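There is one chain below, alone, in structure tokens, taken in the form predicted on its own.
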């Protein structure tokens, strides 16, 4: 699987772009604010129909299109070599009501000319995107870690994405109902209905998060040991909003005896709760906290309040880790994410690295490039060619970008 070609119209600072990408490595060099990150964002947008940076679709549209086009629009299209097929993906943003209307943008997703939902894109072009600001995965708010889990799981499990979408819709409606109960008596039948819907979808989300974090916990330890030269033992722990601490959880049999090299003690993975136990706890929590939720006007328990923690020798890296340690943990997580996608889909993701090499020392840079050379396709941006070994560059397609124009070097 790899991206053969990408076409942009009025996307960020690209008025027009037609770019063919071969398998293997592509390195894009340019000064800051020339379009390097925008290119990676466009590829990620093609894969997921969502921007990881923009707060609104309007931000994705070139300013000249906003000022001059009768109907401002942006388009991202591409051809993906996917198994024995070559799906053509096209995403079109158009301003409703035309220029000057002040209206929002309408998004249309098409695969091979047939209109689809954004969910239908997931899995066609799996990606792992690493930005310099991804250190916030470790140091930032819980919502960033939930977003990370959701993007990863949606790429490897379409059912997860369906449950997540349904859960968020039910959560919004339940919260509206909780606010309404401040001024009128609680309707137990209506509340039970929303509880059923929330639990139905939330249980699957929690269960899959348990599974993927258990896998990431194993893989990130391996990557961190290589990146940090064995300095400190890293663990990733799931921190659900539900109280799930008792003896009824089960450790997966395949992992019970796992011991990692250079570890003085056997590694014990986090237990996985069966879905019926999650459902029981979730229902109990929703019933027990109803009055608190009415007072708050919001649902206080559920996967929308989950978190995960990174523990280095038992200490929370978010609180006690240095910036260098946090960056190493974030990088290890991204490399572990590659493993997670390979394990689930049987194919490696497209790896997108945005100017991260300059922030790494030689050892960490070497480890990243080792992974890069084993994925079918990678696009790396940089401000400085000299960061890379000449032998590495000789095997890569080299491009230069300036003011939204890309040229072959």
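Positions refer to the first chain, counted from 1. Here the structure is a predicted model, which means the values were calculated and not measured.
Just so it is clear, the following notes concern the form predicted in complex with adenosine-5'-triphosphate, a form of the same protein that is not shown.
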Original post:
For the spot marked by 16, 26 and 405, is every residue within 4.5 Å of adenosine-5'-triphosphate in the predicted bound form through some heavy atom?
Top reply: no
**OP:** Mark residue 59 yes when one of its heavy atoms lies within 4.5 Å of a heavy atom of adenosine-5'-triphosphate in the predicted bound form, and no otherwise.
**Re:** yes
Original post:
Quick one: is residue 364 in contact with adenosine-5'-triphosphate in the predicted bound form, heavy atoms, 4.5 Å cut-off?
Top reply: no
Original post:
Contact between residue 349 and adenosine-5'-triphosphate in the predicted bound form at 4.5 Å, heavy atoms?
Top reply: no
**OP:** Would you please decide whether residue 53 lies within 4.5 angstroms of adenosine-5'-triphosphate in the predicted bound form, comparing each non-hydrogen atom pair?
**Re:** yes
Original post:
Hey, of 59 to 67, 370 to 378, 44 to 52, 336 to 344, which bit sits against adenosine-5'-triphosphate in the predicted bound form at 4.5 Å between non-hydrogen atoms?
Top reply: 59 to 67
Original post:
Quick one: which residues from 379 to 402 get a non-hydrogen atom within 4.5 Å of adenosine-5'-triphosphate in the predicted bound form?
Top reply: 383
